[in-house]
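Only one chain comes next, encoded as structure tokens, the form predicted on its own.
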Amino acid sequence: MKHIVIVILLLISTLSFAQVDTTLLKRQQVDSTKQQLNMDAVYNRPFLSFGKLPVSVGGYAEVNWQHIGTDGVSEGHQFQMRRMTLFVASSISKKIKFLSEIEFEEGGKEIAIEFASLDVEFHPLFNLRGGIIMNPIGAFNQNHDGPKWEFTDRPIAATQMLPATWSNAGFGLFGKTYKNNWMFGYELYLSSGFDDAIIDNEEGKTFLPESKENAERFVESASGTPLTTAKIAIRNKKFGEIGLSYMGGIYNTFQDDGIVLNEKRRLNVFAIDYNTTLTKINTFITGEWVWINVDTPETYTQQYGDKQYGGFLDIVHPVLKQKMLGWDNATLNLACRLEYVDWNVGTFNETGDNIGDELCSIMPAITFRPTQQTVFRLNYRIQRQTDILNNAPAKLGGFSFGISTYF
């Protein structure tokens, strides 16, 4: 990883100090009139090419300020450089493409290759992908770029119930076709995946994001069996896009060197996502809902839930679109995000009372887009979260302001 970072920095510094003919630099614009699905998000980004070189580069950055408190206690003003992401893409030949996405989080404290795949096209409905892939569960995991969203925080259900952004080493097939107003797409991957950490962690509950800490998943599978991820999506120009996805497999290390250590335990995730634009008022609506089932050992206490569900809904309405502050096609939006997560669905065996560990959140927002590639976001979060015993919920609230832009 250090060598990758050094090479990238050397390339950037070389381009910075060299005498470059700027007329050779070309911004590859995204064709907004072309029919797109969520699965196209990895390539549906602005890239910068140089002359006839077969390599294009791009990226985005996010910087935020927030002042948030829980039950009246706050840590004061906080300034965050959440992430900076670099894209490097190459059309190796007419039907062979490569794309990588390298993310630097928390000022470079965490560096990860989120996506690095070789795509080979045999037919629009039959393409091979291999490398580090983003598992297509729900919509957000693949379509997660900060400048595309009106909120400084990523959805809680996608990051604290699901482990977005969730990527693994693997292979798979994908394709799409369209006719008139209809488009159909599919993806099917086999990859490495989860491990025992989802029920053996410091959170003290069933927590899928804990598997992100296991960097070994890029070189070996903890269970020795593949994680299967499949998705189908249908889009209609008038009604929008709906996606159905599944992710599942054995998650625990049930054997070592041929010696059986434990019984096989499965994890299954089902998701539905939807997005549309109400053409008469130009309001954009998007969201996803996820169900998780985990085979937890009978020896574990009930605080480790075997069922979870949750999701989010974003509503974005443009209130003004015109020339503003020197930008020709600027947009002022009003937005709101609704979120709900239940990490432990069910009741206590002893009393029949509902198990807590739930969260709900409302986040209104005002955003300004000088261009579609840059967004200024002002959010206010109202959040309530209960513990496993359903005690009075912790009340969280506060403002956040952020800027996110492609470059």
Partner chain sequence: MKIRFFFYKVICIITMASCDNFVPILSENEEVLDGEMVGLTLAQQAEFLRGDEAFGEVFTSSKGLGPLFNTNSCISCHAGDGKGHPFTTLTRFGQSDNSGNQFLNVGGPQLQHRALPGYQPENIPNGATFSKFTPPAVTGLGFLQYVTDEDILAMADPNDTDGDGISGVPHWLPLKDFVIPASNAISQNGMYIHRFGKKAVAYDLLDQTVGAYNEDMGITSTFNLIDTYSGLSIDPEVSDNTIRDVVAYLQTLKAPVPRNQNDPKVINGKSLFSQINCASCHTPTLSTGYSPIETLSFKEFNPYTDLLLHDMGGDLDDGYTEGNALTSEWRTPPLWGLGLSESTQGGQYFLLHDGRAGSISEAILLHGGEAENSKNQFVNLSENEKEDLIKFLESL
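Residue numbers count along the first chain shown, from 1. Source: prediction; values computed, not measured.
There is another form of the same protein, the form predicted together with its partner chain; it is not shown, and what comes next is about it.
At the 4.5 Å threshold, heavy atoms of residue 200 reach its partner chain in the model of the complex.
When its partner chain is considered in the model of the complex, residue 282 lies well away from it, no heavy atom lying within 4.5 Å. Mapping the unseen interface onto this chain, residue 60 falls outside it, with no heavy atom inside 4.5 Å of its partner chain in the model of the complex. Contact between residue 108 and its partner chain in the model of the complex is not found at the 4.5 Å heavy atom cutoff.
Though its partner chain is absent from this view, in the model of the complex it lies within 4.5 Å of a heavy atom of just one residue from 43, 340, 50, 65, which is 65. For the candidate set 297, 226, 131, 240, a heavy atom within 4.5 Å of its partner chain in the model of the complex is found for exactly one residue, namely 297.
With the partner left out here, its partner chain still marks one of 156-164, 95-103, 323-331, 139-147 in the model of the complex; by a 4.5 Å heavy atom cut-off that stretch is 323-331. In the model of the complex, the residues of 372-391 lying within 4.5 Å of its partner chain by at least one heavy atom are, in order, 376, 378, 380, 387, 388, 389, 390, 391.
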